[in-house]
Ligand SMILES: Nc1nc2c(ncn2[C@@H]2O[C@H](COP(=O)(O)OP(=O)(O)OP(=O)(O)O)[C@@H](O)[C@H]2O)c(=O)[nH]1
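Shown next as structure tokens: one chain only, the form predicted alone.
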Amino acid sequence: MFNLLKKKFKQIFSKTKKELEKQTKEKEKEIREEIKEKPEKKQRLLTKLKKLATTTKLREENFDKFFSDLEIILIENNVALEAIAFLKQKLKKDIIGKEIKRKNIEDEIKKSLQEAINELLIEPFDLVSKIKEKVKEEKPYTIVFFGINGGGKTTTIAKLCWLLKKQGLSCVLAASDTFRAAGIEQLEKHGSKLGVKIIKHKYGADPAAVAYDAIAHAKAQGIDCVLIDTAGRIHVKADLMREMEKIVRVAKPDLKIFVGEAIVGNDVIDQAKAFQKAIGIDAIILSKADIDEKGGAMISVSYITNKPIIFLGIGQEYNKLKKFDKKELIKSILS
């Protein structure tokens, strides 16, 4: 992943290094001329020259050139403007005027960018631990999933169900997408493969009633988790959001997860913002992360919503749901 982005970052680091080396050579020339003109200051100027031979400083004009190039790269790779503004402020504070060893220029700039991206991303939590902690006292742990159709929501629910079962947690699935053609059948197929019960009503039924029945079933049977699928017709439609609000009121979920495709860039950020505004989300799962060449959605969506990415979908199989790791993401972009 991110091979093109890594290549562009290397180019910009190399360009900045060359500019700083040029700046240093010009300064060296100035000092040597000054030594000739003011021999009485020779010793002090030689000390300054010696220091300049091993270190340099990033001036504001250097930073502006560097960040101008960086900003273009980030925009091209679907990083949101709000996230870019944060990175600029953080980098400017960290590296302007900082004394850097000349041989370490690229490493120091890269380190500052790594730290800025790390600060921008919200730290993920351990969902399995959170569930196990709650079900010791009270069952079930209820999760509602939101996202537009085609974003991998139903498949992600099945993957998470598989993961939870592997951790010894029992599940029931609620088919609260009563609008989409074949939506219930899709969830039923997953349920059959996973060996878990599906709670469903007819098409056109009240989605909140399906969620309610699934929770009641889980309470009666002592099931640990209820995973609720929902409709995702168009993320900006008011009627859809009212439907989601009702499901939340009725289900009173422990967690609200937004599922979106990493590869659609700023669209997934807009979708997440819409659901966050309407119903509030607690966490994010990004599907198709294995084929995301740009990485902008991963960098931005957590910052924009102020919610953590907890998993990445990295394939179609049930075992292809991976815990999100900030350090791993940063390394894959900047290594």
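When you see a residue number, it is the position in the sequence shown, counting from 1. A quick note: this is a predicted structure, and the numbers were derived from the prediction, not measured.
The form predicted together with the ligand is left out here; the points below concern that form.
Partner proximity in the model of the complex, defined as non-hydrogen atoms within 4.5 angstroms of the ligand, places exactly one of 264-272, 297-305, 60-68, 280-288 at the interface: 280-288. Proximity to the ligand in the model of the complex, defined as a heavy atom within 4.5 Å, holds among 77, 142, 178, 155 only for 155. Comment: the ligand is not present in this chain, but in the model of the complex one of 95, 148, 223, 122 has a heavy atom within 4.5 Å of it, namely 148. When contacts are judged by a 4.5 Å heavy atom cut-off, residue 316 counts as touching the ligand in the model of the complex.
Under a 4.5 angstroms non-hydrogen atom cutoff, the ligand in the model of the complex lacks residue 207 among its neighbouring residues. The ligand is not drawn, but in the model of the complex it has a heavy atom within 4.5 Å of residue 186.
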